[in-house]
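Single chain ahead, written as structure tokens, the form predicted on its own.
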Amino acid sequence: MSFKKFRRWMDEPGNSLVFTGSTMFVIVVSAGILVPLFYRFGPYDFVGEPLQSPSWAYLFGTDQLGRDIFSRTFHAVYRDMGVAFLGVSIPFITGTLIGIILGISKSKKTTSLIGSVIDGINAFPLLILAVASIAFLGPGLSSVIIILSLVNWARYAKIARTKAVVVSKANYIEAAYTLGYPKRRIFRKHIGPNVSSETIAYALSDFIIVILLVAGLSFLGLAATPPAAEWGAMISEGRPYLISSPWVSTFPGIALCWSAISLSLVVDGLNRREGKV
């Protein structure tokens, strides 16, 4: 792409936000890949005296145990992003398929029953359900993934069901049935892509929520547990030192905010491109 074409593309509504957010997100993900590969300290190495301030030797300083915060902050990227990715992708796939099936189903009894389950799950805030479920499963990142997979699909199913009802009544779908196209082809080529475009847009926003949820649960000691390098857990560990050594919590907090803001910019830009804002 030439520079002039790039400038024209950037001048279109929302594209500058998408570009900025994508660049910010690529930076943090790249750092999460490169720092563990090339940085001289590991996330669990005791490298110096506890609570040393940021310097050339320790870029983000050291924590209360003398571990390098720079290394721990970027080792946490794959853990937070990985859990968020699984916590979004599994409910996205499951919920979208269930929602499409309900939207095109002719069985009112089944639709009503499963629809009631979906509405019941969606009636409770995600954080409340997560905390309550962890009481049974026990703390840990694997528990968070299981909880999100069991609960969060209902939000995608509701969106997919609503869209599938509209799409299934569209003229081109009725024409496809009239022409004798197989139901599998209609589902795969027409209904599925049109419905999933809605749930994909929600998944981008949900990714932000899940990242913050994972960090929040880790902050409370319900997800990642010591000595795991995870943003929420690191922020929590730095609470006693906020006045004397604020860098212990500040840098993981910046990484968390950076990731959330980058995705927010992408979502906002996509909405502006589609005329939703």
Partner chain sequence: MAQAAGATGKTEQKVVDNRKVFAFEIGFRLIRAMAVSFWVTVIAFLMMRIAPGDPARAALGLEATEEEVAILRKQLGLDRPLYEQFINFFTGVLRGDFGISLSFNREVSDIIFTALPTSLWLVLLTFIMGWSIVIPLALFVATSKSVIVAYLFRSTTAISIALPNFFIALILILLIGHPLFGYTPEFPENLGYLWLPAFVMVSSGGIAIMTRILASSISDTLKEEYVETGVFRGISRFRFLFYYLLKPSLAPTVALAAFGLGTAIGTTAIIESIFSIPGVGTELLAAVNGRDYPTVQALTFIFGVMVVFISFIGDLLAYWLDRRVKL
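Keep in mind the model is a prediction, meaning the values are calculated, not measured. Numbering follows the first chain given and starts at 1.
Not pictured, yet referred to below: the form predicted in complex with the partner chain.
Think of it this way: in the predicted complex, the partner chain has a heavy atom of just one of A201, L127, A170, I93 within 4.5 Å, and the residue is L127. In terms of contact with the partner chain in the predicted complex, the residue from L51, L222, V35, A228 that brings a heavy atom within 4.5 Å is L222. Heavy atoms within 4.5 Å of the partner chain in the predicted complex belong, among the stretches 66-74, 43-51, 25-33, 240-248, to residues of 240-248. Although the partner is absent here, V18 lies well away from the partner chain in the predicted complex, with no heavy atom inside 4.5 Å. The closest heavy atom approach of G192 to the partner chain in the predicted complex falls outside 4.5 Å. In the predicted complex, D119 approaches the partner chain with a heavy atom inside 4.5 Å. Taking non-hydrogen atoms only, G103 never approaches the partner chain to within 4.5 angstroms in the predicted complex. Although the partner chain is not shown here, in the predicted complex the stretch 206-221 places heavy atoms of I208, L212, A215, G216, F219, L220 within 4.5 Å of it, in sequence order.
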